[in-house]
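Next up: a single chain in structure tokens, the form predicted alone.
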Amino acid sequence: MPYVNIKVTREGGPDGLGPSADQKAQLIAGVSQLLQDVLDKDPATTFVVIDEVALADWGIGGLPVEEYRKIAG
């Protein structure tokens, strides 16, 4: 019974507020299919959870994402 947790920043998507319901459905289907193809796991017992994280709560390279992006260009 696989459990997959996907974390994404709450940005982008059609409304600018994060992935759309359709994009989330595609992620869930794609991850479930991948686990079936690679590990022969039954999609009926595969759990996929998508967490949206506020951009201010995400960091990379020791910096908040927005600051990191300014430096990385």
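As the structure is a prediction and not an experimental result, all values here were calculated from the model. So that there is no doubt, residue numbering starts at 1 and follows the sequence shown.
One more form of this protein exists, namely the form predicted in complex with a further copy of the same chain; it is left out here, but the text below deals with it.
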property	result
Gly59, heavy atom within 4.5 angstroms of a further copy of the same chain in the predicted bound form	yes
Contact label in the predicted bound form: Leu17 to a further copy of the same chain, heavy atom within 4.5 Å	no
Contact of Met1 with a further copy of the same chain in the predicted bound form (heavy atom, 4.5 Å)	yes
In the predicted bound form, Lys70 touching a further copy of the same chain (heavy atom, 4.5 Å)	no
Heavy atom within 4.5 Å of a further copy of the same chain in the predicted bound form - qualifying residues of 15-50	Pro19, Gln23, Lys24, Ala25, Gln26, Leu27, Ile28, Ala29, Gly30, Val31, Ser32, Leu34, Leu35, Val38, Leu39, Lys41, Pro43, Ala44, Thr45, Thr46, Phe47, Val48, Val49, Ile50
